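Below, in structure tokens: the form predicted on its own, a single chain.
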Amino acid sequence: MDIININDNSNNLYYIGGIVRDEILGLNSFDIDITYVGNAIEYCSKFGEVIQKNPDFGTVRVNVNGKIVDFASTRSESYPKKGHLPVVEKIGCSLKEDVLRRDFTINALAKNVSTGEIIDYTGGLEDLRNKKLRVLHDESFIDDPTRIIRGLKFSVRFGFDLEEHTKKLQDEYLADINYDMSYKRLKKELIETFNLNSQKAFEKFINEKIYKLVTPKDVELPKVNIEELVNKYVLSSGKFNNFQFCIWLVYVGVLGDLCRLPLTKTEQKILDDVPKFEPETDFEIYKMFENIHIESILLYAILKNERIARHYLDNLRQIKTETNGNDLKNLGIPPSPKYQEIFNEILKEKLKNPNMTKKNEIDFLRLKFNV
């Protein structure tokens, strides 16, 4: 692994976690995380321009020859309040103490920056070979329940399965959840997991009852393939590239009860705007969907009526009337609330005949309203 050029004479710098794992798996890794056995802020600030320091966690972000590198001091942690952020007990501990605070053995590997030697205190190399996800100790999920979502994410990304004892620990925790946890952290993991847009991940999420971390209510697996919906109407359409589409919310929104998650106003509006009724005519379908987020439409397809949502997305949403207020004024119709009635009548007609031109629309309203 020759990612950065650092002149290190200490022999105490180690690539750590995902970057080592990904190299062994032959995958690209976008984050460069390096641990220093000691105080990283004091030692690693000399490698380039310091961008950010966090003394409480012993971390420093440095621009090293044009690459942003996060250096972390080795540290030990404890969880005085289970399910919440850990407390740093010691900065500058041994490398072994540092890796033992991590989530899975495959993420507890270290590689010496100078010598290239891989350090494996937890059996991570064997678990990589066997495609297994194994926690480092029996209270891992109790300390940090978000590790269950991380395990789901890794299982989908890498095709790994939970090791038998780890699966037992997960099942035991999900049967007796401590809902006093950090839902900000849980939301972050949900976003990372379901932004992968994986139906397989969602099926495991429901079937293995991982969703219980979000809500104690029982949830059944919808019959709709969410991955296919997102692929067809968002990722492959090219129509929604100008804003951040909430893929994760289309999946997690199926749970209904998201009151524990810290949602933004936009995210809450997406959920609130999911229609509750089934329209009968194309005009009613069009008016129901025309001013809501695409995420709300997809959730309607999943939760209420897939046929109606697809009909709108496939056949109706591209239909637009061309007649405007100036056209009505030119026909001698003074501005009034009646304008909306007129536009609605034109739309109803155009939904029946999408090939109508603007001239056809005006001819229609002349006949319809005697103008």
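On a predicted model such as this, the values are computed, not experimentally measured, just so you know. Residue numbers here begin at 1 and follow the sequence given.
Missing here is the form predicted together with a small molecule; even so, the following discussion is about that form.
Proximity of Y183 to the small molecule in the predicted complex: non-hydrogen atoms within 4.5 Å are absent; the residue sits far from the partner. In the predicted complex, the small molecule sits beyond 4.5 Å of every heavy atom of E295. Looking at E42, you'd find every heavy atom of it more than 4.5 angstroms from the small molecule in the predicted complex.
Within this chain, D327 is remote from the site of the small molecule in the predicted complex, having no heavy atom within 4.5 Å. Just one of R260, R150, K269, K96 comes within 4.5 Å of the small molecule in the predicted complex, counting any heavy atom, and that one is R150. Proximity to the small molecule in the predicted complex, taken as a non-hydrogen atom within 4.5 angstroms, holds for one residue of R102, K132, K111, K187, which is R102. Only one segment in the set 26-34, 46-54, 337-345, 307-315 has any non-hydrogen atom within 4.5 angstroms of the small molecule in the predicted complex, and it is 26-34.
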